[in-house]
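We begin with a single chain expressed as structure tokens, specifically the form predicted on its own.
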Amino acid sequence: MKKGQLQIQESIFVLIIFIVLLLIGLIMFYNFTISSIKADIASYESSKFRSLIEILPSIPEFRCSNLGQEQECIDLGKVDAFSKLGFDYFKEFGYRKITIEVIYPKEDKSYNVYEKRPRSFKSIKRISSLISLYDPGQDKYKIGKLTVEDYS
């Protein structure tokens, strides 16, 4: 072989090795980016789930109002009507179960506000908070527990 042919072969081998290393680097970068995006999505869904417990008492469908003055409580009359009408709130709530349970005075009353279960799920995350409830039928304030379950 001549000296020129050896140099061309060496250059081709160097280019092939460089391209292989570049492809390996791109594949690793792609995998790292995909895993980072999946972690961000999981973090977003988790924060959205946790914030739902704070947002629910303040949405107009449940919030108490008296003569146009809004109060920091959940109106059980609105909750009862909401659960009976069964509007499709899948975009807002997703695959979750939302229940309100009256704690004080002791009643065996529970309101299933929203429930949408997926066909299969791996785990259930549950968060709950104490809330103030207003019962317009009795014109009394009560203490309740708002529970949100997330199916994932």
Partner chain sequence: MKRAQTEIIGLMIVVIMLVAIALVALRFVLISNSSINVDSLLSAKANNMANSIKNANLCDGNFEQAIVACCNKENFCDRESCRLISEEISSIINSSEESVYVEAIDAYGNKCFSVGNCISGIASSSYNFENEVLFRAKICRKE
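Numbering follows the first chain given and starts at 1. None of the values given here were measured: they were computed from a predicted structure. Take the two forms, find the largest set of C-alpha atoms that superpose within 1.5 Å, and that set is the rigid core.
Missing here is the form predicted in complex with the partner chain; even so, the following discussion is about that form.
Colleague: Considering only heavy atoms, tell me if L23 and the partner chain come within 4.5 Å of each other in the predicted complex.
Modeller: No, L23 is distant from the partner.
Colleague: Classify Q7 as contacting or not contacting the partner chain in the predicted complex by the rule of any non-hydrogen atom within 4.5 angstroms, answering yes or no.
Modeller: The answer is yes: Q7 has a heavy atom within 4.5 Å of the partner chain.
Colleague: Does the partner chain get within 4.5 angstroms of any non-hydrogen atom of I103 in the predicted complex?
Modeller: Although the partner chain is absent here, I103 would touch it in the predicted complex, with heavy atoms inside 4.5 Å.
Colleague: Would you classify R50 as touching the partner chain in the predicted complex, given a 4.5 Å non-hydrogen atom cut-off?
Modeller: The answer is yes: R50 has a heavy atom within 4.5 Å of the partner chain.
Colleague: Could you pull out the residues of 5 to 40 that have any heavy atom within 4.5 Å of the partner chain in the predicted complex?
Modeller: In sequence order, Q7, E10, S11, V14, F18, L21, F32 come within 4.5 Å of the partner.
Colleague: Please state whether S132 has a C-alpha shift of 2 Å or more between the shown form and the other one, with the rigid core used for the fit.
Modeller: No, because once the rigid core is superposed, the C-alpha of S132 moves less than 2 Å between the shown form and the other one.
Colleague: Superposing on the rigid core, is the CA of Y44 displaced by 2 Å or more between the shown form and the other one?
Modeller: The answer is no, as the C-alpha of Y44 shifts between the shown form and the other one by less than 2 Å after core alignment.
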